[in-house]
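Heads up, the chain below is alone and in the form predicted alone; it's given as structure tokens.
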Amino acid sequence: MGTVNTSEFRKGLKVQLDGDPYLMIECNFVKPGKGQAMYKCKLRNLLRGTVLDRTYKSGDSIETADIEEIDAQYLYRQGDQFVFMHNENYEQYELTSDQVDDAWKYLKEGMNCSMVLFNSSPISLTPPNHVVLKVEYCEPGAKGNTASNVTKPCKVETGAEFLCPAFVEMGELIKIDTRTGEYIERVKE
């Protein structure tokens, strides 16, 4: 494991503090009138999501985190575990429902996702920005109700519910933005 000097500090740097991986989300150089230059940093814990404020003197160094981002394919869900496979070496990884968080709403078997590994263990997952899901159940829309701002809940093949326009019907494919959870458009087969 390497170390990184304060002169190499930048936003997006992945470091390790007290055995946990952190992402540098902000780094400001401060040169007081007297004394040594300092670096004021904000660090986000990649396991818990908490944010730390740390100040380092010029010349300090900290350990870099063994973080790797891989492409993984979603295979299946088994109880509270979600099973993924590395696209290059076919190694399988299991994530708990806590680690997957709200991403379960978008996961379809065979879907490619971006997974973050820390010391070769998975810690988080990011689905693609847009997914196409099949509507399994929704209330029928009222005839003539074509106003674009009327929405209704639609249950999709993953078991999740999304608010969609009233004209969406059962069996249709819809595109959802995974970053916001919002309906984008209907998709033709």
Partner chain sequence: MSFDDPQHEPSGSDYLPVAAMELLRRRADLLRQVRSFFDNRGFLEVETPLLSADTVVDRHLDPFGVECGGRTFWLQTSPEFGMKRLLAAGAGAMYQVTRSFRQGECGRLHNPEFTIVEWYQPGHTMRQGMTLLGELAETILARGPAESVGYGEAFERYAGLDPHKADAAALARAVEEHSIAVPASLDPDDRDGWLDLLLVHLVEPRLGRERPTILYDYPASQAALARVRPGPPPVAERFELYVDGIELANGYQELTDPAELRRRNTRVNRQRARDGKPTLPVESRLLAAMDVGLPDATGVALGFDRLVMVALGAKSLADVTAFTWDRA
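Positions refer to the first chain, counted from 1. Owing to the predicted nature of the structure, the values given are computational and were not obtained by experimental measurement.
Quick note: we don't show the form predicted in complex with its partner chain, though the next part is all about it.
Annotated contacts: Phe29, Gly35 and Met38 all touch its partner chain in the model of the complex [non-hydrogen atom within 4.5 angstroms]. Contact with its partner chain in the model of the complex, judged by any heavy atom within 4.5 Å, is made by just one of Lys155, Arg44, His130, Lys57: Lys57. When its partner chain is considered in the model of the complex, Lys11 lines it closely, a heavy atom lying within 4.5 Å. Of the candidate stretches 116-124, 66-74, 156-164, 46-54, only 46-54 has residues with heavy atoms within 4.5 Å of its partner chain in the model of the complex.
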